[in-house]
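First, one chain by itself in structure tokens, the form predicted alone.
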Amino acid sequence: MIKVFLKRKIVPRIANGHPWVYGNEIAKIVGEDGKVLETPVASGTIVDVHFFDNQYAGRGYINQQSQIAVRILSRKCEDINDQFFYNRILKAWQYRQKIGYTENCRLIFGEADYLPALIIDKFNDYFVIQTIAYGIDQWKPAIVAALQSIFNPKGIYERNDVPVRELEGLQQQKGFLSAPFDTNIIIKENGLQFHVDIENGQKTGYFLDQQDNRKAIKNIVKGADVLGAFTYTGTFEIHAAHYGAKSVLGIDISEQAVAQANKNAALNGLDSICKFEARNAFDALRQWHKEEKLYDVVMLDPPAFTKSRESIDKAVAGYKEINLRGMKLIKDGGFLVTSSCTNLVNTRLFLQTIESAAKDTKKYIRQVTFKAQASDHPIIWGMENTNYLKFLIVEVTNK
């Protein structure tokens, strides 16, 4: 087995369970003959990771073309083979069953399920896979075989049309990993039904991480006039109508998303209450403030706004602006429902941004609830990328 030795300063983070080893954290790589390797190791090779003092750290896959040179799969000296992946996927499924996520769930959440760079979403009897690192992509046949064995699914599809794969030396691609099937399916959530476009929808086709948070609006939307921005396919808005809202308007810049949102409203018999329009949220909220429109509840579920630490300030400015505009449209004593889906904007910074927006609009805010993502997206303390979603409801009152 090829051995990767870490620099001394890296010990605490890796010893505490973090699975990522960056290229600049490696002191040396030693071949099977005990000699230091001068040339890169073949991408995807399974290697043993050791601390500077030769203590064993774990076993994982290497890709020196990537900024993350090694991703640790196991802290044991165990074989990484087809059975290993079967066991990990089965254990993840057993965990979801224990916590009550069986029909639709994130079955594998990468590092949080000890399978770095692997995402598997379960929609009824259909599965969508993302393998976003070279090392995990090599095990795709074993992963598919495990899913077939454990679930006997109706279909498996890969959504590897993500730019991050190119940083790993992989091509973007999508397609069937099983016999072809109709990729437009219907799922159930909280007593409602939603169309899911596995092939062309965002990410894996549907945002499962907010499924619990969508229930959190139940009481505040009763009898309310509700506005939703960045609605995507209308899940929050349709929940609001289902929970007794008087009127619901959802806006999204994507014509395709709006068409599916209206389709979802009709599917649930709520299209008389819930309407969707294709609009730029920043422009629309600014215009409606000028027109003195007001709502009982404003819901904001914007995209990440940033994919890198270099643009965090720009992302924060975007979050502040959209929340500020949202607050200006809320009736005295109404509610703001707002989210951030990037771990690069941490909880403290997100809450400070909302507080700053409230001060600038001369509003008082009172926290109703604050949540993370649904529990089928488990959080591992010390792994920032597993703790990414912030969901906040506040009461907004005039000063």
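On a predicted model such as this, the values are computed, not experimentally measured, just so you know. So that there is no doubt, residue numbering starts at 1 and follows the sequence shown.
The same protein also has a form predicted together with ligand SAH, omitted here; what follows describes it.
Checklist entry - 109, 123, 232, 319: which sits within 4.5 Å of ligand SAH in the predicted bound form by any heavy atom? => result Exactly one residue meets the criterion: 232.
Checklist entry - Considering ligand SAH in the predicted bound form, which of 95, 282, 151, 181 comes within 4.5 Å of it through any heavy atom? => result Residue within 4.5 Å of the partner: 282.
Next on the checklist: Residue-level contact is defined here as any heavy atom of the residue lying within 4.5 Å of ligand SAH in the predicted bound form; does residue 253 satisfy this criterion?
Outcome noted: Flag for residue 253 set to yes.
Checklist entry - Taking 4.5 angstroms as the cut-off for heavy atoms, does residue 113 touch ligand SAH in the predicted bound form? => result Although ligand SAH is absent here, residue 113 would stay clear of it in the predicted bound form, with no heavy atoms inside 4.5 Å.
Checklist entry - Would residue 325 sit within 4.5 Å of ligand SAH in the predicted bound form, counting heavy atoms only? => result The answer is no: residue 325 has no heavy atom within 4.5 Å of ligand SAH.
Checklist entry - Are any of the heavy atoms in residue 201 no more than 4.5 Å from a heavy atom of ligand SAH in the predicted bound form? => result Looking in the predicted bound form, residue contacts with ligand SAH do not include residue 201, since no heavy atom lies within 4.5 Å.
Next on the checklist: Please tell me whether the candidate spot formed by 207, 236 and 303 is one where all three residues come within 4.5 Å of ligand SAH in the predicted bound form (heavy atoms).
Outcome noted: Yes, because 207, 236 and 303 each have a heavy atom that approaches ligand SAH to within 4.5 Å in the predicted bound form.
Checklist entry - Picking from 311 to 319, 263 to 271, 287 to 295, 207 to 215, which part of the chain touches ligand SAH in the predicted bound form when contact means heavy atoms within 4.5 Å? => result Heavy-atom contact with the partner occurs in 207 to 215.
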